[in-house]
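In structure tokens, one chain follows: the form predicted alone.
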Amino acid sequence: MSRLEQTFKELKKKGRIGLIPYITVGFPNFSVTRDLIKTFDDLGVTAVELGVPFSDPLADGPVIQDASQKALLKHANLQKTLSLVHQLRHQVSLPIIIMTYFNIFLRYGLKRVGRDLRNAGVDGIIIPDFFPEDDQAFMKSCRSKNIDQILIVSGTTAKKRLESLAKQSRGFVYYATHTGTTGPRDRLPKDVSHNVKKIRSCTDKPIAVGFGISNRGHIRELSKCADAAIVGSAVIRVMNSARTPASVVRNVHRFIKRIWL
């Protein structure tokens, strides 16, 4: 059983919804990234999603795109991300997920990326522009190294396709509340509960909901149907509001407590 699977199993026993915050590696600097991961571990979040910046992030909205561009100027990349995870792995127990685009893995080298993800202590990966049929060998390689490849579905995913993606996803199924890019929303779409139930009919794996989740009301609403909420752009927005790098961690800590604890 993977660390993600074990975490969701324990979460279910507690009868509460989990939280998976997203941050961009290297934004505003690597020291803050390191401190935030430790803070998330202290807060007991379900997992942390580390975004490795990419020059053409098609699934990301303007908030995360801006953070990615600033992180690229700090020379953030997959290699430095894995080094950071490796340094922290013996200090934190929470599951660590890498989110980036398939070109990053291609450039790194598919034959060695699975090995290096495992050796660093990464638990799962999310690749928005990857489809299982693109490279089954890569998926098998990840599974053999106990790296959960988390696949994304949406409300427009056809039933047969949904069944296939849910079957192949590991760790949990990522339900994106809307097609297009990430970004905070005032309200959740009205069909969220219906679509989560549709996914639930296809799998017994945990379902985490992302895209647009930004406040306590959203998470309270999702607690009625989902296993976890993924909060990204809203976290980055809080980070942007901090006047100094030193206050970033403090502000994010307060935000997480306000919306989830």
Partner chain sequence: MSTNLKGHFGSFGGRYVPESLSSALDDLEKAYKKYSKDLRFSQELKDYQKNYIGRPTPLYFAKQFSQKIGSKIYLKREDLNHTGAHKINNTLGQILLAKRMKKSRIIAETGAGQHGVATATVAALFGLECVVYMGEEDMERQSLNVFRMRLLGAEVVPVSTGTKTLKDATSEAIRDWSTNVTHTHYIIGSTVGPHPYPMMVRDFQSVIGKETRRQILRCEKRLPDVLIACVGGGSNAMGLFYPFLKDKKIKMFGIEAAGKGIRTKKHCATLSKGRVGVLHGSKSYLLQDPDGQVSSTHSISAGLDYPGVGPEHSFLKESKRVRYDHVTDHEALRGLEELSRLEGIIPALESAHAIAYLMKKKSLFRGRLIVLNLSGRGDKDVESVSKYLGQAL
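Residue numbers count along the first chain shown, from 1. Since this is a predicted model, take the numbers as computed values, not measurements.
Below, we refer to the form predicted together with the partner chain, which is not included among the displayed structures.
When the partner chain is considered in the predicted complex, only one residue from V32, A59, V45, C202 comes within 4.5 Å through any heavy atom, namely A59. The partner is absent here, but in the predicted complex a heavy atom of I104, alone among A120, L88, A166, I104, sits within 4.5 Å of the partner chain.
In the predicted complex, the partner chain sits within 4.5 Å of a heavy atom of T157. When contacts are judged by a 4.5 Å heavy atom cut-off, E133 counts as touching the partner chain in the predicted complex. Put simply, D191 is far from the partner chain in the predicted complex: not one heavy atom of it is within 4.5 Å. Though the partner is left out of this view, F54 does reach within 4.5 Å of the partner chain in the predicted complex, counting heavy atoms only. Stretch-level contact analysis of 213 to 221, 22 to 30, 194 to 202, 46 to 54 against the partner chain in the predicted complex, using heavy atoms and a 4.5 Å limit, identifies 46 to 54.
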